[in-house]
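Next up: a single chain in structure tokens, the form predicted on its own.
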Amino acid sequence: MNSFVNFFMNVDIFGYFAAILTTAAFLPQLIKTLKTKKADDVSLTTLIMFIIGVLSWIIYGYKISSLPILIANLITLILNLMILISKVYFSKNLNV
């Protein structure tokens, strides 16, 4: 019983759980953007602000040596950069 309690008392478990959920939340948007080749419904301002926030989380996670924060935000950064690139690319292709 003690090891069971220790498992749930380990604060990193919550960090990894949060990391998985918040990072995976961007997959549906990326998949939709790539399938439809449209990202009109994605706000460019919000996306840029979010990416800057994620970069700040990466710096913070590095400074406090938090692996859950680093891993989650690095993956989130990659996914959101892919959404940003898709948005710019697809909007330019429609204007040609």
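Residue indices: 1-based, along the sequence shown. The model shown is predicted, which means the values in this text are computed figures rather than measured ones.
In what follows, reference is made to the form predicted in complex with a further copy of the same chain, a form of this protein that is not presented.
K.L.:
Is the gap between residue 67 and a further copy of the same chain in the predicted bound form 4.5 Å or less for some heavy atom pair?
P.N.:
Judged by the heavy-atom cut-off of 4.5 Å, residue 67 is well away from a further copy of the same chain in the predicted bound form.
K.L.:
Give a yes or no for residue 71: in the predicted bound form, does one of its heavy atoms lie within 4.5 Å of a heavy atom belonging to a further copy of the same chain?
P.N.:
Outside the cut-off, so no.
K.L.:
Would you please decide whether residue 34 lies within 4.5 angstroms of a further copy of the same chain in the predicted bound form, comparing each non-hydrogen atom pair?
P.N.:
No - in the predicted bound form, heavy atoms of residue 34 and a further copy of the same chain never come within 4.5 Å of each other.
K.L.:
Would residue 18 sit within 4.5 Å of a further copy of the same chain in the predicted bound form, counting heavy atoms only?
P.N.:
Residue 18: contacts a further copy of the same chain in the predicted bound form.
K.L.:
Is any part of 19 to 56 within 4.5 angstroms of a further copy of the same chain in the predicted bound form by a non-hydrogen atom, and which residues would that be?
P.N.:
Contacts from 19 to 56: 19, 21, 22, 24, 25, 26, 28, 29, 32, 38, 39, 40, 41, 42, 43, 45, 46, 49, 50, 52, 53, 54, 56.
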